[in-house]
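Here we start with a single chain on its own, the form predicted on its own, put down as structure tokens.
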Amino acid sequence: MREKSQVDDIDRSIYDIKNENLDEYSVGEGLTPEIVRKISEEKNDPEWMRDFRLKSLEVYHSISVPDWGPSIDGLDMDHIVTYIRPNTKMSAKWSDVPDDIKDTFERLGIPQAERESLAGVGAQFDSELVYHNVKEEVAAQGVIYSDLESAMYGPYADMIREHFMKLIPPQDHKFAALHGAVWSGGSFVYVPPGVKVEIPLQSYFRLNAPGAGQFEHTLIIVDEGADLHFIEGCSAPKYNVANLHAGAVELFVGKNAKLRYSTIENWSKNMYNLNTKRAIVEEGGTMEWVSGSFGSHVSYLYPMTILQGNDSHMEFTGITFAGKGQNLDTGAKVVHTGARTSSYINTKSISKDGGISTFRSSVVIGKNAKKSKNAVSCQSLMLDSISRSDTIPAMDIRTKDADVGHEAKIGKVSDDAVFYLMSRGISEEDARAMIVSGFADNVSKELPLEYAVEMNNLIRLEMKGSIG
């Protein structure tokens, strides 16, 4: 456990700590069976989950860190706190959330967005959800939107056990195993057959503690013929020590169902974002990803879709902005196993002030995925001569009866376009920001208005070098 003398480098005010040590709020650094058992005890896990955590820890210690992608040498897991409990319990009433936590989220637009345009909101602060609510008319449709931990003891307990980390098994990679051992918080969503949720649900994650990790787990099941839009937002303040985000997202899209999963990430630039997201789609189903990445020191982020059912479909639309000190390795993966499946990956990246942006795509078309189609388009915009942009596509096609294409383009901001805008009375800084915002329009137009505005504001801040 961390004693008071061991936290000299931590701004204690962040924890709102009233006693003399952190034991009530964190379970210490490092990864040992004792720490994992302590987390399991804090979470009041059922026995099967405690055993799952301990087995995941064994896997974590048995496999190596990935030997590709950006270096994560600056991440010392022996000094990452894996569980921090805010000084509050979860509430369904915003007025009951402590003022310091409430003020943090209100500055980020929570719960204003809920009142104006969302069907429900979950807000996680460090390792715990502090607020969770769903509108009555949505609940009346039979939609379940709950924190995952509570749901494990409800009528959907068997469904959660059946699906939990089946798409992302701990053996998949080292940080999936880490997640399986220390996961905390996150949401469970179940949409019954035929139900169409007309307005989005949202979950927002705030990692506020220095030297800590956040490991939320999102599990969404959209049953046959149902329709859902889920929005995820992430942020953290900047500290001079490394933080880690290793969450997991598992999405199950039923027959003729549709799920759109939108993410806007604004992590600080001391963050290692090693998140894993995966979806599986049944016959006639549709999976849509909309992704905006604007923060973190290093990112490994490649949402994956398995098009299992015949005639299923996937679209991925993403934008990544790598500024000074950032090495963002992002992209998308798709596996076609059903016949007549289709997928479209459209990504754009921006690099500035020496930032490094790498796009990776992986397209697999199995031998039974006949008459399937895939198209990959990636465009990169470099704003100076010291930045870097790379495209690394991979394709594994196992049937001749498929249509597959890939295109890539790297360019820079046109001086003529900047001059034209300046001739209309716009400053050079604003002109360049307008051009970059236009470049990212394919993502912003896919978001609800208030989130599109937020994304464009993030781009403008990045252009001014004001983030993190």
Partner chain sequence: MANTKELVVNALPSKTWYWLKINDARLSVPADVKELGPSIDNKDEHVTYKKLSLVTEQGEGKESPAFWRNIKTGAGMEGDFITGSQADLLIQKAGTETKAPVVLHYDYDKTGAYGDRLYLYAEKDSTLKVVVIAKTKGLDISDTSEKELNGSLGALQTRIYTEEGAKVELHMLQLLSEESVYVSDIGGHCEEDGAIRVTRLELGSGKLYAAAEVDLVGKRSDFTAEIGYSARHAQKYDMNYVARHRGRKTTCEMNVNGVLWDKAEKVFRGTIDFICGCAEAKGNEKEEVLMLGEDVINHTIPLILCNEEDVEGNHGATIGELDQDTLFYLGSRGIDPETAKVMVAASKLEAVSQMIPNGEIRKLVDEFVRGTTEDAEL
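Quick caveat: nothing in here was measured; it's all calculated off a predicted structure. Positions refer to the first chain, counted from 1. The term rigid core refers to the most C-alpha atoms you can superpose between the two forms while keeping them within 1.5 Å.
Below, we turn to the form predicted together with the partner chain, even though it does not appear here.
- Proximity to the partner chain in the predicted bound form, taken as heavy atoms within 4.5 Å, picks out 364-372 from the listed stretches 319-327, 138-146, 265-273, 364-372.
- The partner chain in the predicted bound form is not approached by Arg424, whose heavy atoms all lie more than 4.5 angstroms from it.
- For Ser387, a non-hydrogen atom is located within 4.5 Å of the partner chain in the predicted bound form, even though that partner is not displayed.
- In the predicted bound form, the partner chain stays beyond 4.5 Å of every heavy atom belonging to Pro46.
- When the partner chain is considered in the predicted bound form, Arg37 lies well away from it, no heavy atom lying within 4.5 Å.
- Just one of Ile168, Val195, Leu383, Ile72 comes within 4.5 Å of the partner chain in the predicted bound form, counting any heavy atom, and that one is Leu383.
- With the partner removed from view, the residue among Asp441, Asp401, Glu428, Glu41 that has a non-hydrogen atom within 4.5 Å of the partner chain in the predicted bound form turns out to be Asp401.
- Of the residues in 396-433, those that come within 4.5 Å of the partner chain in the predicted bound form through at least one heavy atom are, in sequence order, Asp396, Ile397, Arg398, Thr399, Lys400, Asp401, Ala402, Asp403, Val404, Gly405, His406, Glu407, Ala408, Lys409, Ile410, Gly411, Lys412.
- Taking the rigid core as fixed, one finds a CA shift for Glu41 smaller than 2 Å between this form and the one not shown.
- Put the two forms on the same core and the Cα of Asp441 is off by less than 2 Å between this form and the one not shown.
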